[in-house]
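Quick setup: one chain, the form predicted on its own, written in structure tokens, and binding and motion questions come after.
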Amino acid sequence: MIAGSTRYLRFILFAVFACLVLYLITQSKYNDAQEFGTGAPSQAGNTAASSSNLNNQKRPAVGEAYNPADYPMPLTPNDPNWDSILFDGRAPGPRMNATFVTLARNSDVWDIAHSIRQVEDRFNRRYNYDWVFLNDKPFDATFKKITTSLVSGKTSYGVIPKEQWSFPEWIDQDKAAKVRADMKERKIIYGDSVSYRHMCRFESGFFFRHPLMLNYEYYWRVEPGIQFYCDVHYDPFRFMAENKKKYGFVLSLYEYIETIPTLWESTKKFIKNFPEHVVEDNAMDFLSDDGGETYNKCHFWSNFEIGSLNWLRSRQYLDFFDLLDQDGGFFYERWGDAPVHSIAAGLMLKKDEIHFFNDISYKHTPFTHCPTGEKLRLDLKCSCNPKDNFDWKGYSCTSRYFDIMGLEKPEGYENQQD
């Protein structure tokens, strides 16, 4: 009996010793894998370990002052942590006081779900920025459930005040109705739509004043059903803040003149009434070929834009919008928010406060921005066809932007002009 107990005790001690040895071997291999980045691609010295260490680094709180040198951003493949987007976990560095913003209806839920998935996979899963959804009607439970499940940051849902989604009292309803009937007859896109006009007016003058937006300084507008084709390795919000940019775009083109026949006349009236709002070294040459006498119809396509909310809430911009609103062109014609934002940026911002995000590939039917340059597309793991790139086509205004900025066009742009 005693012998049997002894053998049983030896067996237990041997089992414990074997488990301890196995644990030490396993832990050693795990540490080696962390140290040398086993199983994960490495570039320019980036490893899983460096990414992990950075993720554990203390980050400044939102709005807290920081030294940019302490938190370098990976703008090129040669920069540290370029490949960190490949790893799980939150990206290191500070966060800006910023949000995504989407104007949507409940019926848009699956189209916006696609857009959110694009944004999260390519960028926000590592940055966790908030998302504000706005609608002229209350969002239903399905819309909230689906979108909240997809966004890595906080979600907020707001209803647009009725006065911001209706005809102002000074609008002649009969005149406006005749305009819509005429545009329908001439087959002008959205020419007979009342809701489209409310949308353009809201995006031009009110979205940045909604209570849910008031606590933010930067916004990134995202539409339902869009596509992002390339990884975003850095924080565009932070890029805007650190480089003192106030308006960012990816696509530009000529506006349909039948929708804005008198917009430039109202703009010239604004310039005359508020000369103090027109800055030196502005981008007027992007808007006009004759020093401001006429409008060449160029505008930034505002379904994608990253911008400063403080600028939109400034006295300069509000004076511009109020003048346009009183002139009634949102309803007597069909003024879009894209030319309104673009003209304002061209007059009120210095040229170097406007930025072209060549490295953010984007599609909103029917136009695509696919970064020019094969090496850049490969570095960004892009899935877009460069033949679809709209930037250098004849109906694009991006070439004009490069010219007024004195920028050298990227290598290979000539092959995308047709």
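Remember, predicted model here, so these are calculated numbers, not experimental data. Note that residue numbering follows the sequence shown and begins at 1.
Note that the form predicted in complex with a small molecule isn't included here; everything after this is about it.
Think of it this way: in the predicted complex, the small molecule has a heavy atom of just one of Asp130, Asp327, Glu223, Glu333 within 4.5 Å, and the residue is Glu223. A single residue from the set Asn135, Thr259, Gln316, Thr155 has any heavy atom within 4.5 angstroms of the small molecule in the predicted complex; that residue is Asn135. Residues within 4.5 angstroms of the small molecule in the predicted complex, judged by any non-hydrogen atom, belong to 193-201 and to none of the other stretches in 72-80, 287-295, 193-201, 237-245.
Although the partner is absent here, Arg117 lies well away from the small molecule in the predicted complex, with no heavy atom inside 4.5 Å. Glu255 falls outside the set of residues with a heavy atom inside 4.5 Å of the small molecule in the predicted complex. The small molecule is not shown here, but in the predicted complex it comes within 4.5 Å of a heavy atom of Asp108. Looking at Arg59, you'd find every heavy atom of it more than 4.5 angstroms from the small molecule in the predicted complex.
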